[in-house]
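What follows is one chain in structure tokens, specifically the form predicted on its own.
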Amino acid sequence: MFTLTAILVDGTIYASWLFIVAAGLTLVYGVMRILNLAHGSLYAVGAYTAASAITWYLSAGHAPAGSYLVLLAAALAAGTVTGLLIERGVLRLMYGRDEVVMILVTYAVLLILEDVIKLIWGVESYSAYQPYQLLGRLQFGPMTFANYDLALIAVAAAVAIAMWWTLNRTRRGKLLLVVIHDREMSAALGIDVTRVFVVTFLIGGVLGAAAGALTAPVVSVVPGIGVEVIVLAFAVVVIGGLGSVQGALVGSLIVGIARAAAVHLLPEVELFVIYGVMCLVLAVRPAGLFARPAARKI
């Protein structure tokens, strides 16, 4: 019972973090049909910006509780600025190209941003552990959990509910669904598809940067974290189905619990289990668990 509880809690915490990362990636693909490999760089920029901002804020003698607002502001600023530069500076020139070409373009942006990050922040590690320690820990029988990690579950749940509500209960969300299903017909009906693309990419960028900012108090922020994250996020969205938000949620839970089970029961297969799960799912559902049926134009 102790091991099962630990697996479920640890898996849910890990899945929450994965979902925040993967939600932005799958949203951008669902609307724009772009598998944005530069999403990993947005994550890294968010992490570095948050770590730097929190360090500056606390070194100035401000109240530690305000570091959470600083973290959120850093994520919003990093995601908005970097996302706008990528979309307006690069992607808008490539719309209409083949999906494989867009993958290569975003991969090139990823490599460029990795070097830009090193030029700005250097190669040393950054740490902003204060927000993590400030919330304390929760005792549950013989186990203890960091309240910051548990709060991450609440944040992921809020993101999932907000995305579902926006897409299914608001006018703008329904217009977005129209663009997802048929962008050509949407443009013919007068929907500003370009504006939808810009807003969608910015939302995806902010989600990616927010995931990085939320991770900054937990880990040491070092060069290369963006590359590691995009591989995990890609596995999640492939399992759930490219372009499906509910698929990203279910895929995150599957990957998170599978990884936690491996860590507690068979640590030597931890690195393999995520991709093993992906292979098993794709063997049964090649398009993912929640992939939408594709319309065939005649």
Partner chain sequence: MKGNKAMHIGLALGAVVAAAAAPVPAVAQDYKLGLVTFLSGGAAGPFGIPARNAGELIVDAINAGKVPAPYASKGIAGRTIQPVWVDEAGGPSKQVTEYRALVQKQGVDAVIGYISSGDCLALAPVTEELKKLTIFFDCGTPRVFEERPYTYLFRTGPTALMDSLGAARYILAQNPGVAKVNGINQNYAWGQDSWNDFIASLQKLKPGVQVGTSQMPKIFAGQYSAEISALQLQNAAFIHSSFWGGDMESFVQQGRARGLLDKQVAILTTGETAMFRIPEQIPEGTVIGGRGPYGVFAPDNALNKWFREQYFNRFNTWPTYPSYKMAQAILGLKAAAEKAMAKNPKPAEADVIAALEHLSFEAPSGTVKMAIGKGHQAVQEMVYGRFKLQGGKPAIVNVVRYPAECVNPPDGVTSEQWIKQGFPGAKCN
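Residue numbers count along the first chain shown, from 1. Since we're looking at a predicted model, the values are computed, not measured.
The same protein also has a form predicted together with the partner chain, omitted here; what follows describes it.
- Site annotation in the predicted complex: the residue of 188, 154, 161, 123 reaching within 4.5 Å of the partner chain with a heavy atom is 123.
- Of the residues given (77, 218, 198, 179), 218 alone sits with a heavy atom within 4.5 Å of the partner chain in the predicted complex.
- For the three residues 85, 166 and 174, a heavy atom within 4.5 Å of the partner chain turns up in the predicted complex in no case.
- Checking 166 to 174, 199 to 207, 69 to 77, 124 to 132 against the partner chain in the predicted complex, the stretch whose residues place heavy atoms within 4.5 Å of it is 124 to 132.
- Among residues of the shown chain, residue 142 is one whose heavy atoms approach the partner chain to within 4.5 Å in the predicted complex.
- For the chain shown alone, residue 228 is a contact residue for the partner chain in the predicted complex, at least one non-hydrogen atom being within 4.5 angstroms.
- Put simply, residue 264 is close to the partner chain in the predicted complex: some heavy atom of it is within 4.5 Å.
- Residue 271 belongs to the set of residues with a heavy atom inside 4.5 Å of the partner chain in the predicted complex.
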